[in-house]
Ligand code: ADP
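Encoded as structure tokens, the following chain is the form predicted alone, with no partner shown.
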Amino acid sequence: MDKKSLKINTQNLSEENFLKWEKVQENLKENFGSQIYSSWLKNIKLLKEYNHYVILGVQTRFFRDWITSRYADKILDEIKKHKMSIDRIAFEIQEDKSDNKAIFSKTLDSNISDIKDSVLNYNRLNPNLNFDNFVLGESNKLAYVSAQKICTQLSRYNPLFIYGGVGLGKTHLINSIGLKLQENNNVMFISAERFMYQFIKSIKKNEMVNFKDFFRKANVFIIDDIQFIRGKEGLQEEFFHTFNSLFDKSSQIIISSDRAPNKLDRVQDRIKSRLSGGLVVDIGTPDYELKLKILKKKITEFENTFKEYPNLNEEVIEYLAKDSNSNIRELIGVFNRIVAFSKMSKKQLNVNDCKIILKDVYRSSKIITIEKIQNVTSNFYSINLQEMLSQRRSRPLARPRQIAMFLAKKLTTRSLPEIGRKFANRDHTTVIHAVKTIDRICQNNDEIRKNVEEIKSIILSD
């Protein structure tokens, strides 16, 4: 639509037909709750209105991106309740120079308030990531139980360190803890990246005293993606002292990472020691049953939101759970893609349809299991699988066993404890020893190195 037609459309709007933005705002507050409304939606302004779309004003580029990614669809749905002809919304950045108040609280003269406002801009707890909608399975059960325990007995496990691969639910769990505890506690939830930003900003503005005071007054301190501090010596120094200050006054500390504390390279040993001093739990890759539960939960959510069934039969759901990548976030993305294609084609998709739609996903992300690695390795060396997994330490069995452990670590996202459990409940230190041993041997022994590469090739090509 060109500018000329836009002007005509605007002129055709009579005053009684204009969208009543105040009413929309009242309903947004009711639907989202006062906390989200005051944080993100309150300051949205209706700038222009046309026959079929409206332009809304927001304060900053960050506000625009955040609202677009999380609330735009629901804002449009609310607008359509008041005016059915509106089918699109756009956002325009408008700085309000007349109002210099902090976005989330009253303007305060202290620098600590500036830090608070800046942190809250980026790090509010997400009400949608709670214990009620966390899908429980064998791979995340220990982490879930530990998180629940923290909420009833503060400082029993301090710190609580949750680690696992990308998209497996770490942030969901620690966010759930924050939501549960925030009613009766001063909860600080921040990413390691944001912590670094505030640290650098405070140094530049000569406000380190305020920085220290602000972050050390929490009695529940939750920091996400701690691996981000790797290699940043100044940041590690400040985190170390913040950790000690909080720990000394019995504040509960909860930390997430993509790896175990002892695997955090370029992190000071004293920090790794502190992180390992409480309860360390991992979230493993989901099994078939958990993925099936997640997909069925997504179907229920779809039905509740859109008041219709997503038109997927049981065979398709089982296929998605069986052949999908191990990353839960990618599994949900696959589900959304299939539902979108089903709605656009207006038919119920079968498994063959899904294979065509997802060929770029599943072809490049075929799941490699520890069981498959064990079978291929035992067949390669012509030994019985049960003998290879047994406690016997003879060289003909021990070396293939170590190679299988080595490949399990290299080719899967399973944690060391998980790999150990798959090898007749061996300790994770045994897995570490096997990985180091094969790594060292491959550098000096051409025959072993060729064997490992050949086994790897068989696993990947099958």
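Please read all numbers here as calculations on a predicted model, not as lab measurements. Position 1 is the first residue in the sequence shown; the rest follow in order.
Keep in mind that the form predicted together with the named molecule is not shown, yet the notes after this line are about it.
Proximity of residue 241 to the named molecule in the model of the complex falls outside the 4.5 Å heavy atom cutoff.
Using a 4.5 Å cutoff between non-hydrogen atoms, residue 159 does not count as a contact of the named molecule in the model of the complex. The closest heavy atom approach of residue 172 to the named molecule in the model of the complex falls within 4.5 Å. In the model of the complex, the named molecule lies farther than 4.5 Å from every heavy atom of residue 381. Among the residues 249, 355, 329, 347, the one placing a heavy atom within 4.5 Å of the named molecule in the model of the complex is 329. Note on the partner interface in the model of the complex: the residue among 273, 313, 133, 390 having a heavy atom within 4.5 angstroms of the named molecule is 133.
Only one segment in the set 75-83, 371-379, 161-169, 184-192 has any non-hydrogen atom within 4.5 angstroms of the named molecule in the model of the complex, and it is 161-169. Residue 294 is the only one in 290-306 with at least one heavy atom within 4.5 Å of the named molecule in the model of the complex. Between residue 333 and residue 88, the C-alpha separation shrinks by 3 Å or more in the model of the complex, relative to the conformation displayed.
Relative to this conformation, a decrease of 3 Å or more in the Cα-Cα distance between residue 301 and residue 53 is found in the model of the complex.
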